[in-house]
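What follows is a single chain, given as structure tokens, in the form predicted on its own.
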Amino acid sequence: MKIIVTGHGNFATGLQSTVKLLAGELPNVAFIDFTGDMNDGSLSDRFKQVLADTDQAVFFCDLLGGTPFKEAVKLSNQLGKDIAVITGCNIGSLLEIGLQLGDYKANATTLAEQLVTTSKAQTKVFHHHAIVEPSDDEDGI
């Protein structure tokens, strides 16, 4: 099983840099940027290279409907492999799931669903709360 992180510009290698800083290299995770000098065909060729040695993969894309997403979806239909495609996940989900990937036994769709669930669980709003300081006449207990 592989996870293929892809997106516009340096989305993928930006996440790769963060992952490396926090956890080192993640085995079985590939990072493929879609840069301005590429077209959909060259991106698809790069995807095929990474998929050549696996029958299971999850594409972790930056945007729904963008070229990396569309090319991943096309390949998921064409190659006859167990491939799932997700979009909009975060670095926390990639780290949590990516670190467990070596022992992963389920199919690509199950892994994709775990990535999305983990991303949702890790997406939070920070709320400021007023800190009540004890008055001078209180003993603080």
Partner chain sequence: MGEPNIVLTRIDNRLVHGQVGVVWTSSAGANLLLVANDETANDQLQQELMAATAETSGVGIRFWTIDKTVSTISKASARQKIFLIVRNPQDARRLVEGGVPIKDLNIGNMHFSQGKTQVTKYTYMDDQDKADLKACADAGVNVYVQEVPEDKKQPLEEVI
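Numbering follows the first chain given and starts at 1. Keep in mind the model is a prediction, meaning the values are calculated, not measured.
Here the subject shifts to the form predicted in complex with the partner chain, a form of this protein not shown in this document.
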Using a 4.5 Å cut on heavy atoms, which of F47, F69, Y104, F31 is close to the partner chain in the model of the complex? F69
Whether G80 contacts the partner chain in the model of the complex should be assessed with a 4.5 Å heavy atom distance threshold; does it? no
Contact flag, M38 vs the partner chain in the model of the complex, heavy atom cut 4.5 Å: yes
Quick one: is P27 in contact with the partner chain in the model of the complex, heavy atoms, 4.5 Å cut-off? no
Flag A52 as yes or no: does it have a non-hydrogen atom within 4.5 angstroms of any non-hydrogen atom of the partner chain in the model of the complex? no
Just one stretch in 52-60, 111-119, 72-80, 93-101 has heavy atoms within 4.5 Å of the partner chain in the model of the complex, so which one is it? 72-80
